[in-house]
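Take a look at this single chain, the form predicted on its own, given in structure tokens.
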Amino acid sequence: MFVNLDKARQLIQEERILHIAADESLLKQLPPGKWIAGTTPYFITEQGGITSKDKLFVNEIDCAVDFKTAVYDRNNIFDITKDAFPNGLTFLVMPFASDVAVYYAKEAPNADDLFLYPIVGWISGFDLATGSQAKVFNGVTGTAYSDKAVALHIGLPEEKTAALGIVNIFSADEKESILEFTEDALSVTKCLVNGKEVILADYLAENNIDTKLPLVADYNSVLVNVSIKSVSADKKTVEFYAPVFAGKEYRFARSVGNYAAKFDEHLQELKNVKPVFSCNCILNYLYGELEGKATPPFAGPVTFGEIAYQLLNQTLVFAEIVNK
């Protein structure tokens, strides 16, 4: 639900268990309680996509029989599975470009027990027009972090279980060149294209590459998108929303034609889903032309990355609570 500050305070004071997304200026005004949050001014509401710094998106987790919050850095982020309830759902929020988010992106596909526990969430962000610093909040203490992750672990009734879903309109184009990187990075100047070193910004321009399309790589048999945030022709740099990693082979995604129509086509197949949480990538918001458009049954924060077990890009992810 998309609410004003007074309503959000009321829900917290009623001791509801909440996941919240909003501009930092609003999150700083919330009282302590049973909540976690991340920063973003972008949302998909029931009325449509909107940029707002005076309202908050709130998910009430009314199915929970127990809860706890936790704060993690790169040294203990994979303790998240030890802290999770045996039958539960974990909401995880990490700040964009933080060490913990980069580390999680790289190592999550290799964490064997991670896929035994439903973990859903997002990468918090900021206003792209003004720039800022992404943050997350642990509502129990009221503490904000720019360099740590926060998690809300909930326990579910015995007869219920959590199920995660991913909407990804992309696949790797096997006809495209293979790109490789020499280091793990969120920003690069050079890379290898079919084994030959090039300046990536120049390569994109010279080959008329559509930068709305993400790079796609196989992360332990799961295809993961890595989206381009910006290209500087002057500085010869390319920035990504998620890190690229040395030792991985990337190809650009296959063209989807009409981006907005393709995204809508995928949503039509999910009309009967009843999500307890969903989030959508900032690039789907921009390229899918979602300003003012609703995406039923999905509403929630627009993000700088999505989490469904591992870190994803240019996807919509959701969680629902279903009967066993």
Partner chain sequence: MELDAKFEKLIKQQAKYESKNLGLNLLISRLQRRYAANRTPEEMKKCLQEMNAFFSKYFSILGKDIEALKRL
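Since this is a predicted model, take the numbers as computed values, not measurements. Residue numbers count along the first chain shown, from 1.
What comes next is about the form predicted together with the partner chain, which is not displayed.
Contact between E174 and the partner chain in the predicted complex is not found at the 4.5 Å heavy atom cutoff. Taking the partner from the other structure, the partner chain in the predicted complex has a heavy atom within 4.5 Å of a heavy atom of P86.
Although the partner is absent from this view, T161 contacts the partner chain in the predicted complex, with a non-hydrogen atom inside 4.5 angstroms.
For D184, a non-hydrogen atom is located within 4.5 Å of the partner chain in the predicted complex, even though that partner is not displayed. Contact annotation: the partner chain lies within 4.5 Å of heavy atoms from the stretch 215-223 in the predicted complex, the single such stretch among 69-77, 122-130, 194-202, 215-223. Contact with the partner chain in the predicted complex, defined as a heavy atom within 4.5 Å, holds for exactly one of A144, V231, I166, I209, namely I166. Only one of the listed residues (V102, V140, A108, L156) places a non-hydrogen atom within 4.5 angstroms of the partner chain in the predicted complex, and that residue is A108. Shown without its partner, the chain has no residue in segment 271-295 with a non-hydrogen atom within 4.5 angstroms of the partner chain in the predicted complex. In summary, the C-alpha positions of T295 and V222 converge in the predicted complex, ending up at least 3 angstroms nearer each other than in this conformation.
Here's the thing about V222 and G165: their CA atoms end up at least 3 Å closer in the predicted complex than they are in this form.
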